[in-house]
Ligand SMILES: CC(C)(COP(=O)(O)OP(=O)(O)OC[C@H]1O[C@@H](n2cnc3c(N)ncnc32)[C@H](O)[C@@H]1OP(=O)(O)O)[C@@H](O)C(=O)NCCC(=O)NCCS
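Only one chain is given next, in structure tokens, and it is the form predicted on its own.
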């Protein structure tokens, strides 16, 4: 008998990692999020174009109410907040997680980070927290990441998370005026639990 996910999952309190806090977005986050979602270099491999402040405000208002994972298609779009010495905490990115298939016990993960905070391990730290929720709290069988194969930093992040490349679909997506490729990376619950146990081991 296959194990069933523990659902619904209600996001009721922020997730704290070593350096970050992952929480629901609020209206006061708009300026921080606009600072990176308005940049061409940030959204180059995203499905959307650079957003105006008004568009960011509309998205934040929607994401702020997405706090439950219960049915297929439900998602969390969490603010990734970093304490700073100047002016208090700042939202430096966002972390995405969706229930993509209940029948197959599968989730999908994604991330976006302000370039000023890249190459410091923040995206990895936030993504690991989301995978811990997916596998250790909800008990999903599998989590995937779909990305543009030209996006080297995201591919490197997938590998740091222990995800393997499982597919490279050629020109399968009409993307910003041309046909684009899609890469698929994935990790299974047993693989995550094995890796997490090693990381938590005193000798690991």
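Residue numbers count along the first chain shown, from 1. Keep in mind that this is a model prediction, so the values were computed, not measured.
Missing here is the form predicted together with this ligand; even so, the following discussion is about that form.
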Let me know the one among 147, 30, 163, 69 whose heavy atoms come within 4.5 Å of this ligand in the predicted complex, would you? 147
Counting any non-hydrogen atom inside 4.5 Å, which residue from 129, 91, 99, 113 sits next to this ligand in the predicted complex? 113
May I ask whether 19, 118 and 153 all come within 4.5 angstroms of this ligand in the predicted complex, judged by heavy atoms? yes
Are any of the heavy atoms in residue 60 no more than 4.5 Å from a heavy atom of this ligand in the predicted complex? no
Check residue 56 for me: does it contact this ligand in the predicted complex (non-hydrogen atoms, 4.5 angstroms)? no
Using heavy atoms and a 4.5 Å limit, would one call residue 42 a contact residue for this ligand in the predicted complex? yes
Could you tell me if residue 77 has a non-hydrogen atom within 4.5 Å of this ligand in the predicted complex? no
Quick check for you: of 82 to 90, 69 to 77, 118 to 126, 99 to 107, which stretch puts a non-hydrogen atom within 4.5 Å of this ligand in the predicted complex? 118 to 126
